[in-house]
Structures are given as C-alpha cells and as structure tokens.
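Shown below, as structure tokens, is a lone chain in the form predicted alone; questions about how it binds or moves come after it.
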C-alpha cells in the first residue's frame, strides 16, 4: 500500500529517531508512472529486505532511479521506513554509470583491457565530482535521519565515500560498510589515480566496521589499505558469506507458475535428455560467452553428447544503457544461434536461450538441472551457485569457477574450473554429466547445507550485532 508523507528536511536533533538505517543505491520499492498519471509501487526482495523485516525503528535511504521514483518523491508518495532521494538525474547518471559501473565495477572484477583502458582524463574527473556529490547527498540524509548513536549500514561500491563523510557529520553513529563485490588485489586497484584510490579507501575506513562476502575479498582490501595507507586504522574488518533463503526458495519453487514453466522447458528440452543450466544477467563478469564456447567444445570433442544434452541458458539483459553491455548481450545471442546452426537437428535444439527475466522460469530450470554451470571471471558471491542445489529435484552437479566467492564455501563438493580455460570447462561439463546418481545426490545435499548456513535474515542481523558490539 502506498502512503503519503513529506520528505524530512530537518536535522538530527529533535525529530530524528531511527536507530537502524540502511543506505543503498536501489531501495526496497520502485515506482512506475502510468499514462493516466497514477503511480504503481513494486516491492523488491533480497537479503536486505528480509533482514530488515526483523528490525523495528528502521529507515532505508535510497536513490530515486527513474522517472516514476522521482515523481513519487515530488508528490510526497512513499512507504513508511523508506526515504528516497531525488538526486539530479545527470549527477546520478555520472555517479552510477560513469563511475560505479564503468570504473569501480571494472576494477574490482578485473575487466579492463589494459592496453587501451582505462583512461582517467578530464571527463573522468568531472564524473568523479558527481560521484562525490551523490555520496554526499546520502551522507547528509543519513545524518539528518539517524537517532543518537544509531547503527548505519552502508551498502556497496556505489556509496564507498559515505562512511567517511557521515563520520564527519555525525561522529556519534555506529557506521558499517558492506561490499557485495570482490575487492581488487592491490596491483590492479592501483590502476586508479593515486588520489582516487586513497579517497576510496579512506571513505570506507570512515566506518567502524567494513565487511565482505569472503575472507579473500577482505584480505584484498586489507592489502590495499596496508600498501597505500599503511593500515586499516581503527576500522574492524568482518566477513559475512550471504547464503540462500532455503524456506522461501523451496516454497516458491513448487508454486503453480513454476510447474507451468517446468512443463514448457521439458517440452523444449525433449524426452530423456540431460540439462546444463545457467542463470545470469548479461553482465561482463558472468563469463557467459566462454561458457557457450565450452559447451560448443563439449559437443565437438564428445560427440556422444549430441542430441543427448541441452544447454538451458538464461541471460537476462543488464545495464543496457551502456554500449559495452548491449554488445555483450548481442554476442551471447549470436553465439547461441551459431551453436544451434552448427549442431542442431530437426528434433534437437542444443541451446535454449531466454533473455527475458522470469523468476518462476529460473526456478523451474533450477529444479530440472542435471548440471549447473557457474563460471564467472570474478564474482563477490554468486547466489545461483547456492540456490540450485537447494531446489534441485534429483540432484545437480555444480561446475563452479574458482573466482566466484561461493567457491570458498562450495568448492569441496563442486567441480572447480579456471573461468578462462574453455577446454578445461568443457571437460568439467563432461565429468559433471557422467557423475553417478549417488555421488551427485550426496554432493547436492552437502552443497545445499553449505549454501544455507547463513540465510539472508541472519546474515543481516549478524552484521548489525557485530557493529553494535564494537
């Protein structure tokens, strides 16, 4: 239900009482503006939404991301416990697309083609100023809204400067920062201009506690701080490996719309065939193109699998406002078409590719999967690797990149691959397809147990407790 409220413009003293605050670029609700001028609200999900549901006296500060969101702010429309910031659209575009997604994401995922990029020129500096402005807007809103001594949990690379800025405005607060991405090793992090690298580190070190998804990413951050700043100062470092929400997934995976999608997928696959499943956004780090090359290599080198296996590939478009992502999405579609043209028969389509986001269909594919292919170049965690074993109907072999954060917890029972090694990945797919049913079932059970060790609500509450204890 949408309610009416006015944006708070006052300072923290008299009427700011929130004791738990979360800050993130994307909030728990978004708005679309219909042709007749009405606003429709859509609730989001995920670990933060689930975690905050267990907390009273909370506030979520987020950015208005589209025209509907901005119109909602202007009309004073919102939900209790959410403050949406109407930051200038051009400033947001510079900060979000220009810096967060085109620089920081590329650094932490090691995506640059270094002979030609990055180029940190005057345009970069102009966009960096917008990134500072964007972070300052969040810091000022949090400072206004937080009650005395409140706990503030700042999320991700979009808001890396917020902890330091907020510390200057409200030294009484308990401030945490959580990185949902990997953290770059120091030599790669130092691609950034020296002053920018230092500013980013000092921004996060404004927090009482900086937390990461794996020990590897935490150690990389510590390494950068040690090399560039001489240490992490008084900031404590923590690790919280976000797990799958088993209860939700198992319940949702057996609802009627999922059963309908399963029937449709079974028809596309054909009777008696094995399935290799991947579910990803068409994000550069997900390595979908090399995954398709590996599947092609499997069909070339192991012809016995022709007409006996289907690769169900869900590649949902992401960041299509950036040309490099549009090109990548097109490359995925082109390669899938080529494989089908080269190997397909009248009764067998080797690659079943879907590019329209459909959560029910994703769950249906999880349940059908004989093999799950998760081969990112680099990934903070990768929840798909954790979700598939949880809902698999008959057991699923997991082919997992050693560069996924999930490898830290799941590597022992996965078939681990070097994400750049197409030949090795093809052999891993063959190994997974030929795994005995008993071994696959045993591995799936252990993978599911590891994958659900820290479900979303506990993941959030553990961070909150650790921040308050400090």
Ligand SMILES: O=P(O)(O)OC[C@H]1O[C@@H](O)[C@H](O)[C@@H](O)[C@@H]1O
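Every value quoted in this text rests on a predicted model; they were computed, and no experiment measured them. Residue numbers count along the first chain shown, from 1.
Not pictured, yet referred to below: the form predicted together with this ligand.
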(request) Among 357-365, 223-231, 99-107, 200-208, mark the stretch whose residues have heavy atoms within 4.5 Å of this ligand in the model of the complex. (result) 99-107
(message) I'd like to know whether residue 275 contacts this ligand in the model of the complex, with contact meaning heavy atoms within 4.5 angstroms.
(response) no
(message) Residue-level contact is defined here as any heavy atom of the residue lying within 4.5 Å of this ligand in the model of the complex; does residue 281 satisfy this criterion?
(response) yes
(message) in the model of the complex, does residue 445 come within 4.5 Å of this ligand, counting heavy atoms only?
(response) no
(request) Would you check, heavy atoms only and a 4.5 Å threshold, whether residue 170 touches this ligand in the model of the complex? (result) no
(request) Would you mind picking the one in 293, 216, 180, 136 that has a heavy atom within 4.5 Å of this ligand in the model of the complex? (result) 180
(request) Quick one: from 132, 86, 307, 156, grab the residue that has a heavy atom within 4.5 Å of this ligand in the model of the complex. (result) 156
(request) Could you list the residues in 311-329 that come within 4.5 Å of this ligand in the model of the complex, counting only heavy atoms and keeping sequence order? (result) 319
